[in-house]
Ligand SMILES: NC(=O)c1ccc[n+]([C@@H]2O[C@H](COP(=O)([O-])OP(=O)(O)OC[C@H]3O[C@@H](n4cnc5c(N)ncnc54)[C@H](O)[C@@H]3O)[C@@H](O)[C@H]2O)c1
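Only one chain is shown below, in structure tokens, and it's the form predicted on its own.
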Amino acid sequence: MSLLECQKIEVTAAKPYPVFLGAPLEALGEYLHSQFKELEHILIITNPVIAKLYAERLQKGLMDYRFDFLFVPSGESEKSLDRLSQLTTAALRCGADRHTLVIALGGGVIGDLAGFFASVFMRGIRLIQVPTTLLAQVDSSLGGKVAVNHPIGKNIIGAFYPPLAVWTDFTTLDSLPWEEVENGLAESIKHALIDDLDLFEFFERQEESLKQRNPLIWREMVVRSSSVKVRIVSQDEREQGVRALLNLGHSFGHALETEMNYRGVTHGQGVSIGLVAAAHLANAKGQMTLAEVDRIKLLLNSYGLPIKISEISMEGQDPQVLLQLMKADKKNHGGRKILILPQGIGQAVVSKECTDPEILDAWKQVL
């Protein structure tokens, strides 16, 4: 597929940028030549596994530039200020300056870390996101949120820093382990829950085709899920209103990830359990029927996603501890916990009236 054949969605933010869908890695250099006349140096931030798979293909279009690879080990724990400092040292040794372009080649961890590095290095340098996982393609590369973690909470130190473009090559999904696929599926199902009933029904209908990785069905899923995220981000770039809905399941999921120190639980597993907890809380508040809660659980389970903590951890989690960890959630205001709850399937609302006993009961439903 040539660059001319790929699809393009525009994020209409304060600084609009294109999201290219089905864009070959080899063609990125052609795009850079058309957009940046003064570009000389590129930093490609990735991890060794991704580099082994895709570096050669990406390099084919970059031969006219001076470029350096900066490698980051895999794992959520790499999203840290220590790793940011190490990247800064390595970038300076490569001669990076204010005119350097950062390419974030990888999944959500690389996109968040490389994006935050680009936002603060010499007060901000150019950035292009090249997502290689389903999670990154449908969610984390879109919208300009970049961050590193803090021991008290996930993504606490960050910025809104939109890329100049998002470059999505669907063929990078071919070699993705199913555990990584699940991360993206959890986010895609979340998109369906908050804004697209038809997409939710698509996941119900196409279970076998998605599990068999039918290329046309996968492409449709990525395009439809990405479109939900782009539509919401375009309305509310800096999360002052409707964009908060994209955090459905994340208040619960991030608390669980933090409690388990990002080990033994993937982001997708945390979000999946968080969606179930949020659905139970919505049911308790009269916003969702038990039949709808069961429908959500059935869909998540059909794709191998957990609906209870016991499915991923042999150790019992203390709901009081998890409740305390939710205090660090960025949506909270004035000491009140602000949660996103589904309202049926295909809609969601911001809830400012959830009490601690109600949240504890929701945690108990997924223990």
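Since the structure is predicted, the reported quantities are computational estimates derived from the model, not experimental observations. Just count from 1 along the sequence shown to find any residue number.
This protein has a second form, the form predicted together with the ligand, left out of what is shown; the following refers to that one.
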Response to the item:
Only one of 198-206, 89-97, 125-133, 275-283 sits within 4.5 Å of the ligand in the predicted complex by heavy atom distance, namely 125-133
Fill in: the ligand contact at Asn214 in the predicted complex, heavy atom, 4.5 Å
no
Discussion item. Even though the partner isn't displayed, in the predicted complex is Ile50 close enough to the ligand, meaning a heavy atom within 4.5 Å?
Written reply: yes
Worksheet entry | 4.5 angstroms heavy atom contact with the ligand in the predicted complex for Ser225 | no
Worksheet item: Is there any non-hydrogen atom of Tyr54 lying within 4.5 Å of the ligand in the predicted complex?
Response: yes
Discussion item. Going by heavy atom distances of 4.5 angstroms or less, which of Ser234, Asn155, Thr289, Ser80 would be at the interface with the ligand in the predicted complex?
Written reply: Asn155
Practice prompt. State the residue from Met221, Leu176, Ala244, Leu101 whose non-hydrogen atoms include one within 4.5 Å of the ligand in the predicted complex.
Written response: Leu176
Discussion item. Within 4.5 Å of the ligand in the predicted complex, counting any non-hydrogen atom, which residues from 8-35 show up?
Written reply: none
